[in-house]
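One chain is shown next in structure tokens, namely the form predicted on its own.
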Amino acid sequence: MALVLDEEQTMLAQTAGAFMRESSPISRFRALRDSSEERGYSLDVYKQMAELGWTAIPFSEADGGMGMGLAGLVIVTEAMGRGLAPEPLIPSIAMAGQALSLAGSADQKSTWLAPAIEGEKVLALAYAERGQRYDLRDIALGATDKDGGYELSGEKTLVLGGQCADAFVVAARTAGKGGDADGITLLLVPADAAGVSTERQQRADCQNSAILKLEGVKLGADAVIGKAGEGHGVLCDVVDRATVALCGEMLGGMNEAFDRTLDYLKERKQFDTVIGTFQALKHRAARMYIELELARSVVMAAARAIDDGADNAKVLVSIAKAKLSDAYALITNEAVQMHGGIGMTDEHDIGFFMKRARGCEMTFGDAAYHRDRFASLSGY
């Protein structure tokens, strides 16, 4: 498995990096955090991302995409991670969009996936519930039969990018009980359907999330994505893909935190000596670099394994998420500490990366969960 970028991917990385540096500096993230704007991101910037083709990267040409797979998408999410860009590329494209690509009907794809790829619509995946932790079988929200379709009542939490989404892919239970893999159905729910409302959640890392409330929402049979009662497998595949895309963002964030720390070590003087010359700090910086390079390799391996349909893809996803969760936390901890007292203040940007590291770690399973998953998948 090649772990270096080819010519096309190198050009994409250069373009994405340049666009993010110009359009999404950390000062923009700070301004969005401090504003009261409900969306929490720039719709204009997101449309520019779509014009650059980013929203089309992971989809097949048959679905209107570019066919570059996850290996292409993680290049873009890495660039976004450097600027902590809050635009909903992962929620709309790597999550809900992937669900429609994997199991959606032709009508669902033309009505929702195609506009999402064009950047005209924003989608969100609603699967998490209170107390669920990371078990994708623990779906309690019920979808009852109603006039040949379904009726939904209940709520979903931590819906990434959900506060201003145009439609939701909702995981609901049409049979069985919580903990059963069978009986989970994915349903397409327009945001303007009667009984649908959202409440924005304030996360510590200032990223976008929402509670989705469903009160007697009526859907036709054509709302089912894939087959009724067989949504668990699709949901697992989607979350694995989203996990790798998130790992790309984490890689970008830790890379930016490392670069900023190196710059600081080369500038800050103590007792008329540049602190970067201190041997203890050199050793710590060297460890950060090693962790960063290991993280990069495992993210690329996981992305290409999924693209290739490799038998060990799920194992590599868990290795990647466990590694990135640990490495992002380590690098941002070290970054803040090496910046000294200024690193602890809100006025300095380095703390944003520490907060994002914690948010990413708890999204799609933390390091402990994925080490356990790796062990289970490996037969232990």
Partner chain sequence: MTDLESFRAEVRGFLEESAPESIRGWVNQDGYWGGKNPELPHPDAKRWCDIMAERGWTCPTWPKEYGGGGLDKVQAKVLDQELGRLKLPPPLTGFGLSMIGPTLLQFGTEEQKQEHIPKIIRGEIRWCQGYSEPNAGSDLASLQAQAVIDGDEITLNGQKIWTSYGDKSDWMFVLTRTDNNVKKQQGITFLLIDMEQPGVEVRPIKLISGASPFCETFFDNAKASTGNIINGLNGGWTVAKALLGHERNMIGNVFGGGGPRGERRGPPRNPLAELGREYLGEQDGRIADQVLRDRISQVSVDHQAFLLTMQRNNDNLKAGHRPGPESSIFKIYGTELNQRREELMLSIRGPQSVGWEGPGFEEAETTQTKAWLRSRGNTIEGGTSEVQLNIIAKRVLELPE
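The shown structure was predicted, so the numbers you read here are calculated from the model rather than taken from an experiment. Residue numbers count along the first chain shown, from 1.
The form predicted in complex with its partner chain is left out here; the points below concern that form.
Inset, instruction - Could you spot which one of Glu118, Asp145, Glu293, Asp166 gets a heavy atom to within 4.5 Å of its partner chain in the predicted complex? - result: Of the listed residues, the single hit is Glu293.
Legend entry - Sole residue of Arg200, Lys218, Lys177, Lys227 within 4.5 Å of its partner chain in the predicted complex, by heavy atom: Of Arg200, Lys218, Lys177, Lys227, the residue with a heavy atom within 4.5 Å of its partner chain in the predicted complex is Arg200.
Inset, instruction - Answer with yes or no whether Gly67 is in contact with its partner chain in the predicted complex, where contact means some heavy atom within 4.5 Å. - result: Outside the cut-off, so no.
Inset, instruction - Indicate whether Thr277 is a 4.5 Å heavy atom neighbour of its partner chain in the predicted complex. - result: It does: once its partner chain is placed as it appears in the predicted complex, Thr277 has a heavy atom within 4.5 Å of it.
Inset, instruction - Using the partner position in the predicted complex, report whether Asn255 sits within 4.5 Å of its partner chain, counting heavy atoms only. - result: No - in the predicted complex, heavy atoms of Asn255 and its partner chain never come within 4.5 Å of each other.
Inset, instruction - Could you confirm whether Lys355 comes within 4.5 Å of its partner chain in the predicted complex, counting heavy atoms only? - result: Taking the distances in the predicted complex, the answer for Lys355 is yes, it comes within 4.5 Å of its partner chain.
Legend entry - Among 235 to 243, 99 to 107, 266 to 274, 82 to 90, the region lying within 4.5 Å of its partner chain in the predicted complex by heavy atom distance: In the other structure, the partner sits against 266 to 274.
Inset, instruction - Select from 286 to 302 the residues with a non-hydrogen atom within 4.5 Å of its partner chain in the predicted complex and write them out in sequence order. - result: The stretch touches the partner through Ala286, Arg287, Tyr289, Ile290, Glu291, Glu293, Leu294, Arg296, Ser297, Val298, Met300, Ala301.
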